[in-house]
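Let's start with one chain on its own, the form predicted alone, as structure tokens.
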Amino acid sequence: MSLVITANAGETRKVGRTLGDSLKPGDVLAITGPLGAGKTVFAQGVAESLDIREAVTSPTYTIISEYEGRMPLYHMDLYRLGTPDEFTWLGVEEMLNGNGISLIEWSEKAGEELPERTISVRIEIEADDGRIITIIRPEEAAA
């Protein structure tokens, strides 16, 4: 488990970039945290690490955005979903098991539908603009 405390959005983006540098095709990131915690800012850092030049924004209304870089990024926002069944109805299996990175905001809405290899990222709001970011890789969660 990694625990990082950031003081501002730039530092949160940098943590995303650092994690992104270690990702490989097929990795899944499950990001949780309250509204305004910086999930999309973190996602922007991951996208930067993948050499994605397009502006990465929250896909709350489109639910899934796909970006091309050195490998594809499938950016999902499950905020508007009501049940884990709705997640599976989106037809995301190919993305979750493909050659890109699946980054899922509000991932708790997927229930038990995420693969065991999922990397969990929890972002909590601290005083001012600070954040506490906890990253748990699947091998750590099983221990």
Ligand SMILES: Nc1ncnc2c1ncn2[C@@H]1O[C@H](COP(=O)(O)OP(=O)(O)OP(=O)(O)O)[C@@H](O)[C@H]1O
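Don't overthink the numbering: it's just position in the shown sequence, from 1. Since we're looking at a predicted model, the values are computed, not measured.
The same protein also has a form predicted together with the ligand, omitted here; what follows describes it.
Residues with any non-hydrogen atom within 4.5 angstroms of the ligand in the model of the complex fall in just one of 34-42, 90-98, 63-71, 110-118: 34-42.
Taking the partner from elsewhere, S2 is found to have every heavy atom lying beyond 4.5 Å of the ligand in the model of the complex. Not displayed here, the ligand is kept clear of I136 by more than 4.5 Å at the level of heavy atoms in the model of the complex.
Contacts with the ligand in the model of the complex, taken as any heavy atom within 4.5 Å, map within 69-84 to D77 alone.
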